[in-house]
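Only one chain comes next, encoded as structure tokens, the form predicted alone.
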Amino acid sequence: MDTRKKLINSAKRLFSKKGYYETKVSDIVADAGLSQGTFYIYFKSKEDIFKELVKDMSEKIIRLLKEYASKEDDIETIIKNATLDFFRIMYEEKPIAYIFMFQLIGINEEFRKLYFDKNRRVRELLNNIVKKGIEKGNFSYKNAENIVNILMGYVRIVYLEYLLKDKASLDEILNMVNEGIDVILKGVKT
């Protein structure tokens, strides 16, 4: 494993275990079995390596949505499966996501920018998926932007309240999301 990757893996492990504020650069290099000077060859600061972890997490989500956006399956299946896979990824990334959302995004302009940039990219990809569904006649409601807002709002609530805050199990979250996406896409009918 290359040196940069060792540092990233150690940082992820320590941030996940100790939190952002309790993890020091000296902890990261000790865990990686490297010298402190080596850290600064690859990263400027603890904040810099944490940004790398956030970017990696965001890129996983963007790659996932790009893959689903290119599929020609049933649109409801695409949306549901993409959302379920999103939660699987975020469950694995929970400690880093928690630090990002609850400790850093409110105090660091660069982290806020990363958050809004990722949301913009997710919105664009989801909008493309929904528009494809509208064109194919999968939705009687034709406002793609509102459909995307409803989907993203629901996902954000489950993500923040159940995945990051509530400590629900992955199975509980996936069952909730599966049912919730059905309600959003099929409506609440008697």
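Rigid core here is just the name for the largest C-alpha set that superposes within 1.5 Å across the two forms. As the structure is a prediction and not an experimental result, all values here were calculated from the model. Residue numbers here begin at 1 and follow the sequence given.
What comes next is about the form predicted in complex with the DNA, which does not appear here.
- Although the partner is absent from this view, Lys46 contacts the DNA in the model of the complex, with a non-hydrogen atom inside 4.5 angstroms.
- Lys24 belongs to the set of residues with a heavy atom inside 4.5 Å of the DNA in the model of the complex.
- Among heavy atoms of Tyr40, some come within 4.5 Å of the DNA in the model of the complex.
- For Gln36, a non-hydrogen atom is located within 4.5 Å of the DNA in the model of the complex, even though that partner is not displayed.
- The chain is drawn here without the DNA; in the model of the complex, the stretch among 150-158, 58-66, 121-129, 28-36 whose residues come within 4.5 Å of it by any heavy atom is 28-36.
- The Cα position of Leu174 differs by less than 2 Å between this form and the one not shown after fitting on the rigid core.
- Annotation: Cα of Glu67 displaced by less than 2 Å between this form and the one not shown, core superposition.
- Superposition of the core reveals a Cα shift of less than 2 Å for Glu124 between this form and the one not shown.
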